[in-house]
Every structure is written in C-alpha cells, then in structure tokens.
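Next up, structure tokens for two forms of one chain, structure 1 and then structure 2.
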Structure 1
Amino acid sequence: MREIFNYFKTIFFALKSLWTGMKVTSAYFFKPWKIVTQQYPENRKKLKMYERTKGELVMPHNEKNEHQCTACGICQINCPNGTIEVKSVTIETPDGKKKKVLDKYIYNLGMCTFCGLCVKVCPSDAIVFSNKFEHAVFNKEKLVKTLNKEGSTLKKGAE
C-alpha cells in the first residue's frame, strides 16, 4: 500500500517540479522586451556598460597628476603572459635615502587576457580595468601603452 502511495507521490512531485521549470521559461518567453542582448553596432551611442567589464588596464591619476603606483613590480610577477613591464628608477630623496620610483609602466594590450590578476594583487590599488573595449588598430605596436602620464608623481602617503 505504501509503495503505491509513494508511486503516485513521485508522479505528482515530478509533474509539479516540471511545471515549476516550465513556468519560468514561459515567463521569459512572453516577455520579449526583457531581452538582455545588446545590439552592439546599432546601439553604440546608448550602449550600457557594466562596472565589472574588463576593457583595458588603466592607471588612474588624480587632478594633481599623481598616481598610486610604488613600482613594487608585484603585478609584473603575477602576470601570466608577460603583459606588464614596470620600469623603475632609483632616486635620492632630500633626506639622503635612496628610493625606487616608477619611470614607465608599460602595458601590452595585445598580450593581455584580461584575467585581472594584476588588479587583484596590487597592494596600493594603483591599477584598475576601464570599460573601454574598442581597441582595434592597424599596427600592433600601437597596442603597447605606457600607463603613467608624462611627469606624473607618486601620490603623497600612498606607499
């Protein structure tokens, strides 16, 4: 008797769970205006981008042309395909100490796989990913970029 009861219970719950799934898909089917696909080249003007988009690596500078990179090189060590090259110079501070500062932060966009390890490991949050994703150029040398701006200095208190 118990087996028979269980048999019909199985059928009932199977139908119920199938119906739950079918309700979800039919709800999507009858709401075509909720489509999430963006028709890219047509809607270029009002393209909606999300903050998590990894377009390219940038180094934010504040209005005094200061960045936060201490030239520690951790990003360069962590990059799996040698995209980043941190070139540093050693200068002497007014109080006589020797100090390493950033000279050039070279980023090869053509090699980047946008894994995001560099941003994750950066101890001073000097680099972030921007939303710009239209990178097509005619010459691959143009993809090698220097991220720190001309004459920029390390932000005070960032080290």
Structure 2
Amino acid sequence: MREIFNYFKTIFFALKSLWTGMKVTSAYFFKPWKIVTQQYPENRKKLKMYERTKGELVMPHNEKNEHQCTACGICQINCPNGTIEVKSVTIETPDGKKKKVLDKYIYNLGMCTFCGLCVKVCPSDAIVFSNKFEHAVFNKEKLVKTLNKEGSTLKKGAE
C-alpha cells in the first residue's frame, strides 16, 4: 500500500514541477520584454556589470605608484589552489631595523576559481576583484600576471 502511495506522490510532484516550468515558459512567451538575459557580445558597449562581479584580481595603486600590500602572505596561504605567489625581500631601514617588503605579487588567472578568499582575508585591503571579465588568450602564459607595478612601493601608513 505504501509503495502505491509513493508512486502517486511521485507522479503528483512531477506534474507540479512540469506545471511550474510551463508557467514560466508561457510567461516569457507572452511577455518577451521581461526577459532578463543579455545578448552578449552584441551589447558589449552598454553591458551593465554589477559590483559583486569577480572578473580579475588587481592591486590598486595610487597616483604616486604606491600599493597597500605588506607581503604578509595571508592571501597566498588561504588560496585553495595556489593561484597567488607573494615574493618578498628583506631590507634594512635607515634606523637599522629589518623589514619585509613586496618584491613580486604573482597571480595566475588561469588557476583562479574566483572564490574571493584572498580578498576577504587581506588585512590591508591591498587586493580587489575588478569587473574585467574577458580573459581569452591563445597562450596560457599570458594569464600569469604580476600585480604590483614596476617600481611601486608600500603606501605610507599601510604598514
């Protein structure tokens, strides 16, 4: 008896699911102006990107070519698939103290899963995701990027 009940219950839920799908399809058929799908790349110039879009990891620099990365390596540790490599060097400050500074911040876009853990754990807000989303290349070596600009230094007060 229980098997017969489960059989009819399965048929009922299948018909209910079918009805829900047909309702959505017919709504878009009779009101096509309500379709939210954007026709890419035809609308490339007026394409609206949302702030939450994770396109590419970038390191913002100010007009003095300064960044906020302290080379702590927390982003590298938290990256689940080894996308980030932080290379640092130790320098001696004028007052005789040793200090670790960023040498290269290497980001492999081809390996990134865009989970956002690196941005979330960065204590100095040195890295963010940009809205740039077109990354097609013929050579995957072009997906390995150095985020800190040539000659950039640590921003004063970001230590």
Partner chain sequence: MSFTFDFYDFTSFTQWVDVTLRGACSPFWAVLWEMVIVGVLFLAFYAVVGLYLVYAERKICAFIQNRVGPNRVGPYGFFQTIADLIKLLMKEIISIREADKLLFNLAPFIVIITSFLALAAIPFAKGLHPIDLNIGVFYVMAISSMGVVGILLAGWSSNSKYSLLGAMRSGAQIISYELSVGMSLIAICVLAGSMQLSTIVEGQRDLWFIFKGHIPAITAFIVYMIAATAETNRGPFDLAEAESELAAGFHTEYSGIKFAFFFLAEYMNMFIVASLAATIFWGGWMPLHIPGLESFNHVMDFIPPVLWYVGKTVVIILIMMWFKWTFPRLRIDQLLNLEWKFLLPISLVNILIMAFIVLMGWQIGL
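Please note that residue numbering is based on structure 1, beginning with 1 at the start of its sequence. Values in this document were obtained by computation on a predicted structure and should not be read as measured data. Rigid core: the largest C-alpha set superposing within 1.5 Å between the two forms.
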Two forms of the same chain here; which is the form predicted in complex with its partner chain? 1
Check 48, 33, 82, 93 against the rigid-body motion between structure 1 and structure 2 and give me the one at the hinge. 33
How far, in degrees, does the smaller rigid part turn against the larger one between structure 1 and structure 2? 35
Quick one: CA shift at residue 28 between structure 1 and structure 2, core fit, Å? 7.7
